[in-house]
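Heads up, the chain below is alone and in the form predicted on its own; it's given as structure tokens.
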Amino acid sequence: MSSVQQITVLGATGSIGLSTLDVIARHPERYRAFALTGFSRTEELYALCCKHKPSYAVLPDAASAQALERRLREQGLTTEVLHGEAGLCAVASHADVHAVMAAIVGAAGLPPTLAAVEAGKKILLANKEALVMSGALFMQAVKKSGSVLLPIDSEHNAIFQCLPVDYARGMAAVGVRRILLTASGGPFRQLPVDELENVSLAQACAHPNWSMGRKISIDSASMMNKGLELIEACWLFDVAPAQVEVVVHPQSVIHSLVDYVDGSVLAQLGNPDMRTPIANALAWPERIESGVAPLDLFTIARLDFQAPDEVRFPCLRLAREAAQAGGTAPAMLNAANEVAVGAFIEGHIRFTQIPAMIESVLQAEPVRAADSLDAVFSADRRARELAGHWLSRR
């Protein structure tokens, strides 16, 4: 077992977590699921524990953790079930862990991901909010601990693959002129703007190319997902917001591109399947089979590109403005968006009110320095409070 890498999967019951476990299961000689964590999908986590037999599992509260552990004991499994943020941080930083898949959606993913960074683990980063909220602090922690940070978002992983191989070993990505961040445009790319106000939750979640959870699907429909990715790209690749250009590419085959000062443009292509970037990051710098079908260019036949419409997608503009403002602005943007998306899911606001709420929050509070985690979490709390006030007035 000493040659087998032990993997903690934060957010195991989500789409990224399930894809990660699929890749792990294809290579039992290389990887083992050491710890699996879940939030509300207790039955799904129970089934995953029965299948993968991890050493640890984590749920949000003590009662659900005790119930899960009882059920696992009845099956003869010795998985220890922890709970809460302390449990998440424990399995992320455990001495036996080689790599951590950080796939918890939202601000809740920041503490355990930082715990893994501070413990010097290999980080497979799917939780973009961690960098959006605390970019400078997060990257400083990576540098201090010597942790290896590998992006999992298909776009950022594509950029990573198009950079020099020494980039992940701390070498500067010299000669980069622009990063071209591709976006599918989501389900509303061609919908008349005056019809956006009345779109349903089901419509917003019906992504044309990717299978994702509701929150990420709605972020994709509003293009906030791309805005958060823009902020993340600035921190991951040490570029200014002006160097990141969003390109709408409906086929989702070119996952992103890097434009160099000599005129070369390198792109990474592949079928829209998250197992590709997961396998790339798990095995880096090697390559392993992921289960993804080969790309058939003859079937695709064409690749289209267009500029994003920020009138249709104001969330993209708000994210770029937050990236340029820096400080606590990205953390407030992210928190306000989480509240707004939750309110849309619950039917309290219309789709077009998501950016309206976010903009109101950002205008209500001055940007402060994000020079400590306390400052970051204070900004997060304040944004949620302001978003709540906005909702109560409607």
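Sequential numbering from 1, following the sequence displayed. None of the values given here were measured: they were computed from a predicted structure.
Omitted from view is the form predicted in complex with a small molecule, to which the following refers.
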{"query": "Touches the small molecule in the model of the complex: Y56 (any heavy atom, 4.5 Å)", "finding": "no"}
{"query": "Proximity of A183 to the small molecule in the model of the complex, heavy atoms at 4.5 Å", "finding": "no"}
{"query": "Contact test in the model of the complex: Q66 vs the small molecule, heavy atoms, 4.5 Å", "finding": "no"}
{"query": "The small molecule contact at A126 in the model of the complex, heavy atom, 4.5 Å", "finding": "yes"}
{"query": "Position in contact with the small molecule when the complex is considered in the model of the complex, options A119, V148, M212, V247, heavy atoms within 4.5 Å", "finding": "M212"}
{"query": "Of I218, L236, V105, A158, the one that lies within 4.5 Å of the small molecule in the model of the complex (heavy atoms)", "finding": "V105"}
{"query": "Region of this chain that lies against the small molecule in the model of the complex, out of 325-333, 34-42, 341-349, 365-373 [heavy atom, 4.5 Å]", "finding": "34-42"}
